[in-house]
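One chain is shown next in structure tokens, namely the form predicted on its own.
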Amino acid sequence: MLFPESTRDVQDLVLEARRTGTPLVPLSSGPPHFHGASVNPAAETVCFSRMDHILQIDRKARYARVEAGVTFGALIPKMREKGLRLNLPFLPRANKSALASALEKEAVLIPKYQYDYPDPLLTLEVVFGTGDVFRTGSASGPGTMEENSSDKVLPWGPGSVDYYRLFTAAQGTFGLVTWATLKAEVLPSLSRLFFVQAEEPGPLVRLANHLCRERIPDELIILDRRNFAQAFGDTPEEEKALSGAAPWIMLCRVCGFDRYPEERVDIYSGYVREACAKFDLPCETAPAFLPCTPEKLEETLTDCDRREVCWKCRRGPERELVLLAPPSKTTAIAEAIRARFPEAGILLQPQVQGRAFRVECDLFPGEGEAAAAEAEEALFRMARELMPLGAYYDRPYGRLPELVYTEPVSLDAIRRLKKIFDPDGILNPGKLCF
């Protein structure tokens, strides 16, 4: 395993790997590794754990520039000290790289502040497979970052090409990203969390779509009862109490900021209650089944998972299927997953101001390689069956590339680009369509 400490170190590693024909795979997060993108037995691992510096936090421009090894556990407290917050995934592991999460396009909790699927990723620095160092967007000017006076928050370019898109969900096959600028939002001074329960996912999906179009909620997520209890229960007793919720539950948080926070929260709370009444759904701020205060659950929702065993692994080894779906298709996809896997955990998250929903299916096959392989095969068959229903796999892990890279002209174009940026094929070979 290789441990670079600077961009120059990464460049030297790539140049040496190119000279010797040694494949490289990047690794920036701590275990467990759910998708296998950073695991490649045929390659030497480049571990970014020593590149763990928070380079800059700017409240006025609302961004944080971090190296690849900076984890959510380290970054979130520093952001709060500056009065900022990240648009977080749902309960990310404390040892998960914030940069890797953005590159992987993990679903974020606040859809109204997400304007494109790579958000919150802005600019970045990457070392190509040629050994060349490249910066994207408004960070691409000449000189060092200290000499560059740009705000480094414009992701597009340089020129007419949005280079940063090449590296999102690419699993390190186009370059090794050393640092990135992540968009941040102002930390609320007041908030209120709503719990909306339903027997089926359809009413909650329609409610979430309506609220997102009106740009009412900040954090918003729909969970089935199993995932809800597993995510927020710290003890078996708390999990049992949380299992008293309805089969599906939506968490919706409205926030107030520096100016008139009470008035804003009250107004937005009224919008939430009106929308729930329109869809004939109960809306509560302190449901009876909660084993803790709503404030404690809200603190968990807006932080990373700092428990010794992350919430996804509390039922044992986990295998998952992640996809995007149009709002009109989300309910049918969730119901098809539940029909096939009655014991699965399911998450539904609106993305990009409600233009699509991220659907996640979690299976817990038990210990052993045979059980894991059987679960992965079952998920692959499910993935194929969901495509006619509107499922889109923009994060193709494992065998999903077999379903994604099927159009010959596009496949040829992607492989030509790979030849330009990684002519010797040393970066994470065997992944995606390479």
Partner chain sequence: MSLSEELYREFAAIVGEKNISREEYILAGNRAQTPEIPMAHKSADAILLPGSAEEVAQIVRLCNKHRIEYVGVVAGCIPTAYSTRENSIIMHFKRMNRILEINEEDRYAVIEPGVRHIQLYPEVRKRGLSYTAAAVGPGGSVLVNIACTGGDHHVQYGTSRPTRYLLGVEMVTPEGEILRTGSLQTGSGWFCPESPGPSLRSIVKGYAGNAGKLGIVTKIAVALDRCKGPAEIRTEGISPHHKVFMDSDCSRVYVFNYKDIQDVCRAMLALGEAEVCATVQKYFYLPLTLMMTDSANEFWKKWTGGYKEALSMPLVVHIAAHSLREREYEEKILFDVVRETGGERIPRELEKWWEEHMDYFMIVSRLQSVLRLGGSWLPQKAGAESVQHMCDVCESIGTYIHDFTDTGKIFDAPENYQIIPMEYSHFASNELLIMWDRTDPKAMSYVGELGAVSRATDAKRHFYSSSPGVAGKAGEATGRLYSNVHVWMGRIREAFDPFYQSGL
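Predicted, not measured: the structure shown is a model, and the values here were computed from it. Numbering follows the first chain given and starts at 1. Whichever C-alpha set is largest while still superposing within 1.5 Å between the two forms counts as the rigid core.
Another form, the form predicted in complex with its partner chain, is not on view; read the next lines as being about it.
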**Prompt:** Since the chain is shown here on its own, which stretch among 71-79, 226-234, 240-248, 258-266 would lie within 4.5 Å of its partner chain in the predicted complex, judged by heavy atoms?
**Reply:** 258-266
**Message:** Since only the chain is shown here, I'm wondering whether residue 349 would be in contact with its partner chain in the predicted complex (any heavy atom pair within 4.5 Å).
**Reply:** no
**Message:** Residue-level contact is defined here as any heavy atom of the residue lying within 4.5 Å of its partner chain in the predicted complex; does residue 416 satisfy this criterion?
**Reply:** yes
**Asked** Heavy atom to heavy atom, is residue 402 within 4.5 Å of its partner chain in the predicted complex?
**Response** no
**Request:** Indicate whether residue 166 is a 4.5 Å heavy atom neighbour of its partner chain in the predicted complex.
**Result:** yes
**Asked** Does the trio 294, 360 and 380 actually contact its partner chain in the predicted complex, every residue with a heavy atom within 4.5 Å?
**Response** no
**Prompt:** Which listed residue (279, 364, 289, 156) meets the criterion of a heavy atom within 4.5 Å of its partner chain in the predicted complex?
**Reply:** 156
**Item:** in the predicted complex, the residue from 189, 148, 300, 197 that sits within 4.5 Å of its partner chain by heavy atoms
**Value:** 148
**in the predicted complex: members of 126-144 within 4.5 Å of its partner chain, any heavy atom** = 128, 130, 132, 134, 135, 137, 138, 140, 141, 142, 143
**Request:** Inspect the rigid-core superposition and answer whether the C-alpha of residue 342 shifts by 2 angstroms or more between this form and the one not shown.
**Result:** no
**Large Cα move at residue 149 between this form and the one not shown, threshold 2 Å, rigid core** = no
